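Next up: a single chain in C-alpha cells, the form predicted on its own.
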C-alpha cells in the first residue's frame, strides 16, 4: 500500500495529497498525517476522487481534531448540511453569480466556520478559479512598522460588500455579489487574532467582510486596511486553483481566506458541493483536547 505524501501547491500554502484512498475509513496513522499536513499547509487538495456528501463530511471532520465520526454520524452530519451548493446552475444554490472578494465564511457571526470543503461535481471550461491566501503567512511576513500599528486594534466584520467602505465597493464596479439580507449581524475581533485550534497568530482582516478598524475614523481605517490588503494579496502569495471535475479541496477557514472572479448564470457550469463545519463549542473543544491527548 502506498504511503501518503504531499506535494506543495505553492511556497506559501496548500498541498496536494497523494497515496490516500478516500473510498474507505482511514486508519489512525493516515488521519494523523492529514491533520499535521492540514495544520502546516492550511489547505489540502485531492484530485480525481469520487465521493458523496457523507464522505466529504467525514473527511472535513477528521481535520478538526475530533475523534473520527462513525458512518452513521457522518451521514447524519451530511444530512444536516442539506443540499449546500455553490453553483450558477443549481436551483437555490449559494452565490450563483458575482465576484467574491477575499473573506472567511462566517467571520461576521462571532462563530465562524473552522473547516470548509468544496467538491467539484460539474465544472465546465473556461473554468472560474478559486483563489486562496494564508492569513498566518501574512502575519509572519508583515513588516514591523505595520505590526506595531495594528497590535491592540480591533476590526468589525460584516456579512459582505454591501457594508464595506465605499472605496472598495467602487473599485470593483458592478461585479460584486451583494446579497440582500433581512439583518446585518457583525462581530468585532482583534486584528491580531489567535487561531483557536493551532494557537498560531493570524492577521484577521479581509477585503470582503472587514468593515473597518474600530479605533480609527472611517478614512483612517480604510487607509490602514489598504496597506494590509496590499500585503495580504501580493500576487506571489495567492494560490489560484483551476477546478476540474473530481477535485476536493478542504481548507482552514480561520487561517485561509478565499475569493473568486466574477461568475454569471449564463456562463459555463460551475457546481461545487460545499461542507462547512463551525468552530466547536466549549464542550466540543474539551472533547477534542481529550482525544488528542490519548490518540
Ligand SMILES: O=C(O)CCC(=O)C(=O)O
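Just so you know, these numbers come straight off a predicted model, no measurement behind them. Numbering follows the first chain given and starts at 1.
One more form of this protein exists, namely the form predicted in complex with this ligand; it is left out here, but the text below deals with it.
> Using a 4.5 Å cut on heavy atoms, which of 136, 115, 100, 123 is close to this ligand in the predicted bound form?
Residue within 4.5 Å of the partner: 100.
> Pick from 156, 90, 175, 105: which residue has any heavy atom within 4.5 angstroms of this ligand in the predicted bound form?
The residue from 156, 90, 175, 105 that makes the contact is 105.
> According to a 4.5 angstroms non-hydrogen atom cut-off, is residue 130 in contact with this ligand in the predicted bound form?
Yes, residue 130 lies within 4.5 Å of this ligand in the predicted bound form.
> For residue 192, is any heavy atom within 4.5 Å of this ligand in the predicted bound form, or not?
Answer no; every heavy atom of residue 192 is more than 4.5 Å from this ligand in the predicted bound form.
> Considering only heavy atoms, tell me if residue 41 and this ligand come within 4.5 Å of each other in the predicted bound form.
No, residue 41 sits far enough from this ligand in the predicted bound form that none of its heavy atoms falls within 4.5 Å.
> Classify residue 55 as contacting or not contacting this ligand in the predicted bound form by the rule of any non-hydrogen atom within 4.5 angstroms, answering yes or no.
Outside the cut-off, so no.
> Specify the contacting stretch among 228-236, 47-55, 66-74, 255-263, defined as having any heavy atom within 4.5 Å of this ligand in the predicted bound form.
Checking each option against the 4.5 Å cut-off leaves 255-263.
> At 4.5 Å, heavy atom to heavy atom, what parts of 66-93 sit next to this ligand in the predicted bound form? List them in sequence order, or say none.
Heavy-atom contacts within 4.5 Å come from 86 alone.
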